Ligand SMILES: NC(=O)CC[C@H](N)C(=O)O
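As structure tokens, one chain now follows by itself in the form predicted on its own.
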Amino acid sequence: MFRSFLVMSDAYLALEDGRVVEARGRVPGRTRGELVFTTAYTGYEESLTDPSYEEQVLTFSYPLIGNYGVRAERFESDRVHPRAAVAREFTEEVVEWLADEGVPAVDHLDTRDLVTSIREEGAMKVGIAVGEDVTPEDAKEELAQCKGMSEHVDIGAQVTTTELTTFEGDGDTTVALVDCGAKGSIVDSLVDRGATVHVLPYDADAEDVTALEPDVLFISNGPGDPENYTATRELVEEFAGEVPLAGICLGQQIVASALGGTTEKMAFGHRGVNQPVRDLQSGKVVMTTQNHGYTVADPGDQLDVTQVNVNDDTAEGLASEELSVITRQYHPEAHPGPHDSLGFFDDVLAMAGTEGNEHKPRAVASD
């Protein structure tokens, strides 16, 4: 049963746990999504343009968002991806940006309480209504229409490129990057190391990849449940052992699922810039940026766990020397940082010299 506390307000958040939270409306609109939070205190431009936040409502735990402005060169994609943004306080510059993007925004609420609720109860559905005449019932109506993340079966289509795009490097390595919602910094990190990167749609098939004769097949980050990326998983199955494979975030989950592992949804996920990760071989701990709500539960028999999260022991790195596979659950390319793990891209490109490019897709039986 909903518990509403009615005072004058122009923004309401109807939570799955039954509460209706009042706030100050900054950008009007009505929307719904999965309510999540990030603990990052910088990088709000990068977070808001990260495709992995598609179909989610992003809550910032840091109290003031926008204190160093908005610059397009820091964006990770060409638009804002969360369906709404929530903070203790947004600056006017951020509000203007979100208004231009048509993304509802609210502030002047207790984000500490909101974050605590998500940590204790898990990421939850939320309906949001912002505007001069909105009521709690408007927010509840949005909540009633909200889907769970795993129900967004075609979410990849919302964030992928629509056509093959090439970014030229000055070296000899060719990377086929399957775009499940790739951050621009991933492409930049590869090109900066000399690789030519061909970005393909998330539903590319084996013939599309083979035509590029790639030295590495790279599966990107992205939103939603990895089990919904059927075409991408089939690519991994097709090329495993033939072309070196790499993946970041969702990419790690898809690679694991394709090679016999299993994935699962986390309670509230990892989202922030200070997640500690331990390398099992060296014992070294690095600080990482993360944004994911699913994880690899069991890597299966073909992959080894090489890195784990210090806080909860979830798999942060997978590898197979036999299949030439290396993946990370976190974001080594993260901006504005930390940059402790940028060497991952050197390791990925080092695999390019260990495999030939003679792969041909297996014959597929006709109906």
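Start at 1 with the first residue shown and count on from there. Keep in mind the model is a prediction, meaning the values are calculated, not measured.
The next section is about a form of this same protein that is not shown, the form predicted in complex with this ligand.
Listed residues H81, H198, H292, R233 were compared with this ligand in the model of the complex; H292 is the one with a heavy atom within 4.5 Å. Checking L250, I128, A256, V106 for any heavy atom within 4.5 Å of this ligand in the model of the complex turns up a single hit: L250. Heavy atoms of G222 reach within 4.5 Å of this ligand in the model of the complex, making it an interface residue.
With a 4.5 Å cutoff on heavy atoms, S52 counts as touching this ligand in the model of the complex. Comment: 293-301 is the region of 233-241, 278-286, 293-301, 203-211 lying near this ligand in the model of the complex, near meaning a non-hydrogen atom within 4.5 Å.
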